[in-house]
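Heads up, the chain shows up twice below as structure tokens, two forms, tagged structure 1 and structure 2.
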Structure 1
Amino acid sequence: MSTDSFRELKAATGPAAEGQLARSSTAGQAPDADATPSAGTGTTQPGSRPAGRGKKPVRRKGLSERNRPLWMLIPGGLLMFVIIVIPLFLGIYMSALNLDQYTLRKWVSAPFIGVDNFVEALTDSPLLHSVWLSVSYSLIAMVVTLPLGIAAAVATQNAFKGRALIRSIFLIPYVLPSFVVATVWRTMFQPDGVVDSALGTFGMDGGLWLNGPQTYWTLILVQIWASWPFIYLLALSGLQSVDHEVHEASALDGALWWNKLRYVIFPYLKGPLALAFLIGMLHHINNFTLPFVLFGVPAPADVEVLPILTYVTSFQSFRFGLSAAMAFVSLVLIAIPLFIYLRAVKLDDAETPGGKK
């Protein structure tokens, strides 16, 4: 634009547009940012925030993303529902029916008798005797296996020549199936078997191990032999958690082996041994294979533990409703120590610094 043309426009438009025309006369220079935009353009008003530069809206997690870990539990949950929950409710329903060999064919429409099976189980059957046998023999077996497992763990904790071989030998009773253990011991306890022959060399008469009043102690002996390596494994894992500096400090203080065992080692073994005691008790009470193979069916009255009694009531007496009631009683018997242990663990966690209360 020439100088004369600029002057003519200045005179025509007045001084208000002088600055704007001066700036627009320069080639490639943008117009004033404070100028009012024309209608239809995408520019913003003066002082306003440009579009797209504000705070982005927070994207909320959808149900699919938030609950994805729960979805992964569905296959296992369905399997547990089919294997555990449905048979549990069927057993409870069967316990309320007069279900035997005569009504089994149409068991859904068997006579409903309510709690009569539970009353008969507690009053007119050897259920309470079987419960006493199961609890007593399990308790005796655990009381004996605890010191055996701890002693074996302490003996094989430190490195020495042949330790791996000794540990492997200790685990033999644990890795063998229960029916193999029961079959071997049944053969050994036969009249004129290995046990009677060994006792005969010392002038002792073994007697009848598989029939009679000695069967109770036979069951305890075999159960101890089969279950003490489990205590050994958990005690050994607890010993591995003892800090090496604690051993060094007790050695520098001149602590005797008993004081070291009592005040250094046992505090670390309290948790593993409590868990081992609970699992061992529940396993012994529910152990069906060992007494079934060892003594056969019908078993002697001194070893007719709860699983054997339930099996005999179902498949020899064909009192399926009564056996379902017995099975429910055994379930309650198992749930009591389990609930006590879980409650104790929860209280211990609450008392721990940083634990949830």
Structure 2
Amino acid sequence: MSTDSFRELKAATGPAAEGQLARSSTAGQAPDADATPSAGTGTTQPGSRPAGRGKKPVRRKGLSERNRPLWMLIPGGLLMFVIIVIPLFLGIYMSALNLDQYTLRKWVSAPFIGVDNFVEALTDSPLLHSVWLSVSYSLIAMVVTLPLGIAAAVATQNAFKGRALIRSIFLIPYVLPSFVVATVWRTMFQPDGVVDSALGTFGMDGGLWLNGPQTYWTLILVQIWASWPFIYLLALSGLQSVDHEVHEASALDGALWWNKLRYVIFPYLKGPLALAFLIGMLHHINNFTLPFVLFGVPAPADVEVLPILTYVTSFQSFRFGLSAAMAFVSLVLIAIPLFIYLRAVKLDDAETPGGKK
């Protein structure tokens, strides 16, 4: 999962950021800052990326819009259709079927039961509880990782001896596969394990980490540990896009570090961080490996997050129809706030570079 998001990140920040990560000390050569925010829309609208690459997208818009070679979208569009749209509609169709191990063999002719699965998902299953758990845990983890990531990025912005090493070390949690992270933490959190005995030396009783109410916080803690470098990476790419002249100008104006950070640097970070927030939230909500390996199934009721619930419904109870309905309901529930968020931070709006102001 982590490699995927790294790819997304690269795609999102475009070739500019990629180049900068490679030769981070030559920040002065950073191309037009427009590249970051407008390219950010690349994840939602792949077609608009060529416009973001240009130096002055706004002025060239008229021309490029007149002769846009839209047909070039066909291969990509076709793939999207096959890989995303068809399964999505199949999923919606499945959610209206009474599809289980008894009907799987001829699944197309499984009994059609309309909205029954949706009714059961909403009234007679832990779905809403799971949505609440997923969203709240994702949000808490996100709110904690944001300052951590920014602080780490700011701390490694200026050159110092051993910076490259520190930067590499910061990325370790992000590079490790989720499975490994979860296995290691699971071992450390065992009753009488490393964590408990470490707390014991301070006279504290850690309690149960892998069962009971505390599991919720265990999940958040491990998620934070695993995902803050992602924020760090995006914050770093944002910092790289700050022109050398801007530093000079603020220095000439006599701005001290906090004012400079608050009024000069942070506005540059707004775009990348808004994007990081979005991608991060989606990753947390969809993170299956971490809770699955940490707690196993059946999961303690306090960490029965969405992916675990859909997994158990599909592959332990074999209620494929019901779990498709659950997945669809949660998709809608999560899509609404995301849509509002997208409008609010204007990430989906190529004309208004979100990172600028």
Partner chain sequence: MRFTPSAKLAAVLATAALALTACGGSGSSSDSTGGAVDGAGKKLSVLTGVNNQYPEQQKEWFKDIAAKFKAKTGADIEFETFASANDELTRIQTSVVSGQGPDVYSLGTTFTPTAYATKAFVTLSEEDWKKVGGKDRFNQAALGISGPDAEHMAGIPFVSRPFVMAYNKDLLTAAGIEKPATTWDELAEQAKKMTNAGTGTFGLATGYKDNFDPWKFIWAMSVQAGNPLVDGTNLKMDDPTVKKAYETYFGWLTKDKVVDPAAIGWSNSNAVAAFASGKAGYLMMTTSSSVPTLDKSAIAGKYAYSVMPTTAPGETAPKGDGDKAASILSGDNVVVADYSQQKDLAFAYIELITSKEEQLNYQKIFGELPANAEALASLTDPKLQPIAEAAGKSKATPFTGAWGDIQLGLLNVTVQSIPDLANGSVDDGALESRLKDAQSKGQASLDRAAKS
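As the structure is a computational prediction, the values presented were derived from the model and not from experiment. Heads up, when I say rigid core I mean the largest set of C-alphas that superpose within 1.5 Å between the two forms. Throughout, residue numbering runs from 1 along the sequence of structure 1.
Annotation: structure 2 represents the form predicted together with its partner chain, while structure 1 represents the other form. Fitting the two forms on the rigid core leaves the C-alpha of Val293 displaced by under 2 angstroms between structures 1 and 2.
With the core held fixed, the Cα of Leu73 is displaced between structures 1 and 2 by 2 Å or more.
When two forms of a protein are overlaid on their rigid core, residues whose CA moves 2 Å or more are considered shifted, and Gly114 is not one of them between structures 1 and 2.
We note a C-alpha movement of 2.3 Å at Val332 between structures 1 and 2, with the rigid core held in register.
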